[in-house]
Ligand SMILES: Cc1cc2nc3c(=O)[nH]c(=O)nc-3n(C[C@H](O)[C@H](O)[C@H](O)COP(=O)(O)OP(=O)(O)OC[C@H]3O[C@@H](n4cnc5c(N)ncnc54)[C@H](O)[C@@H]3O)c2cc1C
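Just the one chain here, laid out as structure tokens, in the form predicted alone.
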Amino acid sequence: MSNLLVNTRDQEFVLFEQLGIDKLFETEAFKDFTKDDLLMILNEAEKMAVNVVAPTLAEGDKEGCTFKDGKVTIPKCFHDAWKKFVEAGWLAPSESPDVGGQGLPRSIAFAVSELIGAANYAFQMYPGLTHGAAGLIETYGTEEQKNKYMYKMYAGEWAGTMCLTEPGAGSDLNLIKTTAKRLPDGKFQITGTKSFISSGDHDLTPNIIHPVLARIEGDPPGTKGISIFIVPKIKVNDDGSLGEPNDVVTGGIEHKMGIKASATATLNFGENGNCVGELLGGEREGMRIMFQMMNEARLGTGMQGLDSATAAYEHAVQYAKERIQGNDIMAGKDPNAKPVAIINHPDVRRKLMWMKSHIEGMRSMNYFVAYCMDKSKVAATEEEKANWEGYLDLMTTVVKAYCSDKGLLICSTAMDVYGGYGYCQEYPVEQYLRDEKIATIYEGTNGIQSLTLVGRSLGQRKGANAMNLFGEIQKNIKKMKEHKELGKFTAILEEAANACMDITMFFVQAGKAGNFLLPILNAYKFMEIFGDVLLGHFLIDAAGVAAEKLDAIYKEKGADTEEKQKALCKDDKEAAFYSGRVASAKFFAVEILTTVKSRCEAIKMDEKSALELSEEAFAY
């Protein structure tokens, strides 16, 4: 089913038919849920997305955020949407009911976030950051801090942010200059400036809680000397009521290409020496603690790529079905031929298929990452838990970088389907493209994510995470290699997976030989290759499930010839859906996976012109 945002039928397929999350109902943590319960919840989330959040997309973009007299005002339409959103319990769907959540599986929470993010990602950022900040306090805070801040944040009464970046310390957090001075009561005086803070200031809630990275006076330089502090915009009294302002002054907001309804602020802490923060966790544990929220944000940014892509694609498909232009190519030069909808043109079909296959692969991959969190939570042994968490650790950077990159390309391709109209504000795809671009940059640029994948993630647990993941891919290949319809496409996946494993070992050997620049220079290429292989794996896996269901439908309906099967797929929605999933795997294998081996061979050539060229030559 299409709502011009997300294909909810495909959401259901990935969750229950491909991943089989209903197995979670057999565990203590999720025993109170049924499939019908979760489908009903997703249906309500869809209503929230379509009826409440989506109408704010164009209006929020047009109005944007304003900064006047030291205060930030966000689009008026966000206020009613926020109220309805938090009252319905969507801010913390997967948290325990004990802290105000619904206790849902993370895999369902990801599906909910896709719906809301596709409706308007700029709006999604406010609850997303609030959830992440509250989660830090839930994990590392004292009972007093939880009672003081967390419950109100999960309820949406107060909002939250993530304060890392500084004017002189963007991606390099070693350079943080914000300081924390001990006070007699055990709290700290915070002094410094944070920049590019999403949701940094706004008028949605009466208070905003800032987790702030800072260095306690006397602590060592570098990230090992960084601590994290809870710094409210408004001080909170012992009885929970709001006190005086906490000397957190907004210096201004950024004027951006996209996500204009999301307030990106510069915050000055302690200009008047009266900004007070509470230590969260232990001293000099700031980076370890903040990584929880950073990784959550990276997965959220990967989801942003999927969110923008699916909305742009759904609109492009609808437009392609309605836009009449050009004759059917099969009519040749027949002067009597009538113009047809552009979805009949081969190049438009190719564009739509490219988008469709990537989106479906990204959805399967992202939901699998969420499912890893669920499986980790209910794991029977420590080894099983470590394996599920290993998949999560390895794939987080890939989800962030790969999905945000492909999301941008999909939005651009959707605009191409519209032609010149897509470039105009009359249609929403130009905004999806503008809003998506930032996803490739913030939460660690995709170049940095690629370096993290090559330099750290692949080697975690002595390479066990990577070997386990490749092992799952090989199991899928073994299962599907003899499939009557998908076997030859599985063989393409096998060649790509082997090439990816081979280049991984090539990087290891290059490093041992002292040629560490080779993997560094080619980290981004590797990330894209790794992501392509993962998507190929998930698409082939999904196609195997879909092909079995499709064969059953053919048998039931007596479609025993290719002609009858094609006719059935035009009239039967379920047959059409399953045939579409099979087609996505075939297309992706031929279009994308066939290039993997040659790209790996190109990396092995160790071409270093980019490093060897003089600086003057770049600007000549």
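One-based numbering along the sequence shown. Computed from a predicted structure; not experimentally measured.
From this point on, the text means the form predicted in complex with the named molecule, which you will not see here.
With the named molecule left out of view, the stretch that reaches within 4.5 Å of it through heavy atoms in the predicted bound form is, among 161-169, 215-223, 454-462, 522-530, 161-169. Looking at K479, you'd find every heavy atom of it more than 4.5 angstroms from the named molecule in the predicted bound form. Taking the partner from the other structure, the named molecule in the predicted bound form has no heavy atom within 4.5 Å of any heavy atom of V112. The closest non-hydrogen atom of K146 lies beyond 4.5 Å of the named molecule in the predicted bound form. Within this chain, K475 is remote from the site of the named molecule in the predicted bound form, having no heavy atom within 4.5 Å.
Checking I441, I343, A379, V508 for any heavy atom within 4.5 Å of the named molecule in the predicted bound form turns up a single hit: I441. Residue in contact with the named molecule in the predicted bound form (any heavy atom within 4.5 Å), chosen from I197, A119, V398, A261: I197.
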